[in-house]
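As a starting point, one isolated chain is supplied in structure tokens, in the form predicted alone.
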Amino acid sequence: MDLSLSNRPEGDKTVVEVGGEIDVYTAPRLREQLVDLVADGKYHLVVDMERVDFLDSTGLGVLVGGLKRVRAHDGSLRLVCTQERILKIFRITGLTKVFPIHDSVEDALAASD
């Protein structure tokens, strides 16, 4: 499986659409995307994970790293995910206390930082 990535501006935020598998092989591409966005001054990110089929610890590490990068600039990183198998990973690891997780991109965009 491969990883698909795209991003688009939405007001003062950037939506990053992720699809496929985020694992040890594909996570570096996601990391690079997040690093590039922060380097371009995009500090408020919404990562849409609705099309993610698989997420491993490497992918979790990339998301945590992205969160640290945006927070260094008083930014935010919100996740969009409704898939139970992915949400279970966030609950087991305690990352539901770290990431704001929304049911839709619209909800994530409407949330205040």
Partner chain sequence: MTTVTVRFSALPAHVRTARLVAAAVARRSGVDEGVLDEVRLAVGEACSRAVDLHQRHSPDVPVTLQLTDAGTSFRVEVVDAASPDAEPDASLVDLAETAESPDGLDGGALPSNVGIAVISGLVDDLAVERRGDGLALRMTWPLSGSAKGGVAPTSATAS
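Quick caveat: nothing in here was measured; it's all calculated off a predicted structure. Positions refer to the first chain, counted from 1.
Another form exists, predicted in complex with the partner chain; not displayed. Remarks below refer to it.
The shortest heavy atom separation between G94 and the partner chain in the model of the complex is within 4.5 Å. Contact check for R51: no non-hydrogen atom falls within 4.5 Å of the partner chain in the model of the complex. Among heavy atoms of D23, some come within 4.5 Å of the partner chain in the model of the complex. Shown alone here, C81 lies farther than 4.5 Å from the partner chain in the model of the complex, counting heavy atoms only. For the partner-free chain shown, K68, R71, R85, K88, I89 of 68 to 91 come within 4.5 angstroms of the partner chain in the model of the complex, judged by any non-hydrogen atom.
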